[in-house]
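There is one chain below, alone, in structure tokens, taken in the form predicted alone.
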């Protein structure tokens, strides 16, 4: 009944080697990751542990044979690409042809914003270091989702949900929410269709790349609801909802509302609160129709026969969420839950009455306002290539180049997290999840950590054979409150492992 739950983000960044349009993006991505690791990762580099990853396991009760799986689905294979675990609990690695930052696990939307922003700082630093190395390349990174040549790359979200919640309920109630959620968290895009050849502007970077309602894939036949059953936690208690249709946001309010509203809807689903059928006819077509209509007047047909706009359907979810929180928590609702509800209401109200009033909070509105100003000043049609360049420049991570960063520097984008907190999140993990244990082990005992993953840390201790695996299946253990004093007390990993194994005996 609140916004608090274990969640995180995974963002693949667009990459370009300046002056070399045919450069190998996989090689360039490896240079980004390795450049950051060469300075930032202490002593030996711990490898990523793939043992507990099951990317072909489907929540609907089966596992796809590896022989028929697309190679892009085999994310549990160590391909020898650059792969680093950071002291803040995050993972920085090469995913296909892009550098990716997977944030540490956090417990609330504001911390999602904080560690997601820390990922931007990590990527920018990595690009600067790659350029400064001998023979280094000037590499530009973009927090976007498409090259407008037919390729798309992800900005995924992860939410831990109760295993007891029927997956059919999740599908039924999340699909219409996801179809319309883009009006509050779309990143905006010049061009329609996967290759962007049709002229115009749309709300979402990702909407045109989705083809089915439910499925296991993430790069082919992309589904609105992904069915990968890989909880990275106790599988008897949890499943991890892997959300792949969101956009990569720069605006902090967009990210905050994206995850905060989703957390509220998940709480209602787990509680059986949503009884109305809000299902949309042909949700894939509806997803694209909403994205293509920046006037926000497109009518969707629900299976009940109602005809509503995306804003109206978002109002339905908001009103249900507010009643749910009031019924379950009343005056005891936590500050962030109340704030998400209030901001959600405020944004929906202003999108209905004066869309430009949201330009300091919502990426697609900020981008559309910039594009409109350029069009009016220079008399540009949507077919003009300059508009595509402006779209790309909005997402440029370089502060001196990126249009988002210029808006931010000019005080035209709202901040939710102080820059000092973002700076510490680059190196420090959250204190209230297992990421605290993982990150601190890497910071304190770097030469004794052989490998790690979301649900384990593996130590290589001199004189001890085999490797010592410490499981971290509960995301809410391994916190500062749980192990902080122990970590302070243990001079090396040998003492830590001895204390932990004694406590388990």
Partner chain sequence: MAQEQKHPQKPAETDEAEVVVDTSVAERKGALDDDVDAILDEIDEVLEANAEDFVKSFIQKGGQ
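Positions refer to the first chain, counted from 1. Quick caveat: nothing in here was measured; it's all calculated off a predicted structure.
One more form of this protein should be noted, the form predicted in complex with its partner chain, which is absent from this view; the next part is about it.
Contact annotation: its partner chain lies within 4.5 Å of heavy atoms from the stretch 308-316 in the predicted complex, the single such stretch among 308-316, 263-271, 414-422, 326-334. When you look in the predicted complex, the only residue of 199, 221, 401, 237 with a non-hydrogen atom within 4.5 Å of its partner chain is 401. The single contact residue among 120, 208, 361, 95, judged by any heavy atom lying within 4.5 Å of its partner chain in the predicted complex, is 95. Although the partner is absent here, residue 142 lies within 4.5 Å of its partner chain in the predicted complex, judged by heavy atoms.
Within 4.5 Å of some heavy atom of its partner chain in the predicted complex lies at least one heavy atom of residue 146. Residue contact with its partner chain in the predicted complex: residue 82 places no heavy atom within 4.5 Å of it. Residue contact check for residue 174: none of its heavy atoms lie within 4.5 Å of its partner chain in the predicted complex.
Within 4.5 angstroms of its partner chain in the predicted complex, the stretch 143-157 places a non-hydrogen atom from each of 144, 146, 147, 149, 151, 152, 153, 154, 156, taken in sequence order.
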